[in-house]
Each structure stands twice: as C-alpha cells, then as structure tokens.
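Just the one chain here, the form predicted alone, laid out as structure tokens.
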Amino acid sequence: MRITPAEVAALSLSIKVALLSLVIMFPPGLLIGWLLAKRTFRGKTLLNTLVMGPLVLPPIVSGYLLLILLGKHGVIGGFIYRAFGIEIVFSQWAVVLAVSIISFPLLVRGIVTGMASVPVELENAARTLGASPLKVFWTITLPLAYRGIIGGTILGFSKSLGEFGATIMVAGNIPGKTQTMALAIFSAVHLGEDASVYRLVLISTVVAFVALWFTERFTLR
C-alpha cells in the first residue's frame, strides 16, 4: 500500500493539528474537569452545558458559529485582524480551533470521570493534616485520577484527527494548507479516487480502534 505525497501531507497535518489542539485544550480542560467533578457552585449546570454543547450540536453548526466569531468582521477575528493584520479563517489556526472546540467535551468528560472516582475521604484527610488545596490536587486527586485523564486525552486526540464538519466550515479544504485526513477522504470520494479513499479510510479506522482500545484499558481497569 503506497501512500501518495498528498495523503502524507493530509495525515501529517492531521497529527500536527491534533497535537496543537491537545496542548491548547489540556490546561483549561483540567481546570474545568476539576471544577465539575469536585466543586459545587452557582452556574455549574450552565458551565457543563456549554462545555458539552459541541457533542450534541451538529459540527456544521459549531463551524458556522466559529466562522461568525473568527471572520474579519467577527468579535474575535475582527479584533485580531485589526490589531495584527492576521486573518484566522481558512488558515491552519482555524483548523486547530475547530478541532479543539469539537474534541474538548470528550477530554473534559474523561477528566471528570477520573476525578469523580477519587474518594473525597482521602482528600479531606489530606486537608486535615494541613495540606493546601493545591497540594491535595497534585498529590492526591491528580495521581488517582490519571486513568480517566489519559482516557479523555486519547479520546480528544483521536476526535481531533477525524473532525470534519466544523473544519470545512471555518478552514475550508485547501490541499497542503487546511486539508486534514477527513477532508482528504471527502475530496477523494468526490474525485472518484477509490484507491486513495481505501488507504485513508483504513488509516482512520486503525487509529480510531487503537484509540478506543487504549481508552477502555485506562478507564475500565
């Protein structure tokens, strides 16, 4: 099975985008996951609804909303364009932001599952012995929740690799620039390039199954 340079470029871009997305998502995901799992506060339900919204919204809708926000006349995109002369839409950064928004709920869900499984009694015992909330987090909560965190990270990464709907709306399908693996499959189907479709579908399927297998290993043990 010989992979063409265009397919290699699409695969490389998908991996690069997924890794950048993970770097962007992980710190806020860890914080929000901890808040949802360990704290009770006003607006908690609203926060959870906003975070999980991309899971139930059609990706095309999420992409359209991002297009409105990140366009030259949007609230965020307009400010960046006027301040720095940088246009976000139809760029690789648009791809990163699109896949980050779509895969963020899966990352947070894994973190919440992991942290919710940590016994509150252990955390309270550490506090009564004089440990600060930050020390409790780093020495008790985080080590005991690592399986759920890793599982959510793997799911978020694999979702980033295969995201399609939001990406094509906000970043387009530009070969060598914004064409990820999912978009390359879409183009190959429309062009009737069956061999390319088979190769990319096989790669995507293997990645998805491996990601799910590792997630099950970490979250169910």
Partner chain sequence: MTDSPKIKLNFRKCLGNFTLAVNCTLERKVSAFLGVSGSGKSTLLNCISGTLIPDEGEIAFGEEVLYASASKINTPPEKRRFGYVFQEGYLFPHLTVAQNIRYGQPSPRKTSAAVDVLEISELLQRYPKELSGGQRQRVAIARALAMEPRMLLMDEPLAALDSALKDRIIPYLHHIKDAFDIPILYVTHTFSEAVALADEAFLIADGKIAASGEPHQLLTAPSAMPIAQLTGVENILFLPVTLSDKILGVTSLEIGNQSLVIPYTEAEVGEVVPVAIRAEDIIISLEPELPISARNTLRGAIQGLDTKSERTWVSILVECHHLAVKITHEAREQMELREGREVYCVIKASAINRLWD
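From a predicted model like this one, the values you see are computed outputs, not experimental measurements. Numbering follows the first chain given and starts at 1.
Omitted from view is the form predicted in complex with the partner chain, to which the following refers.
Visitor: Which of these stretches, 120-128, 70-78, 87-95, 103-111, has heavy atoms within 4.5 Å of the partner chain in the predicted bound form?
Guide: Looking at the other structure, the answer is 120-128.
Visitor: Verify the contact flag for I150: yes if a non-hydrogen atom of it lies within 4.5 Å of a non-hydrogen atom of the partner chain in the predicted bound form, no if not.
Guide: So I150 does not count as contacting the partner chain.
Visitor: Taking 4.5 angstroms as the cut-off for heavy atoms, does A116 touch the partner chain in the predicted bound form?
Guide: No, A116 sits far enough from the partner chain in the predicted bound form that none of its heavy atoms falls within 4.5 Å.
Visitor: Using a 4.5 Å cut-off on heavy atoms, what residues in 127-159 are near the partner chain in the predicted bound form?
Guide: Going through 127-159 in order - heavy atoms within 4.5 Å of the partner chain in the predicted bound form - the hits are R127, T128, L129, G130, A131, S132, P133, K135, V136, T139, I140, P143, L144.
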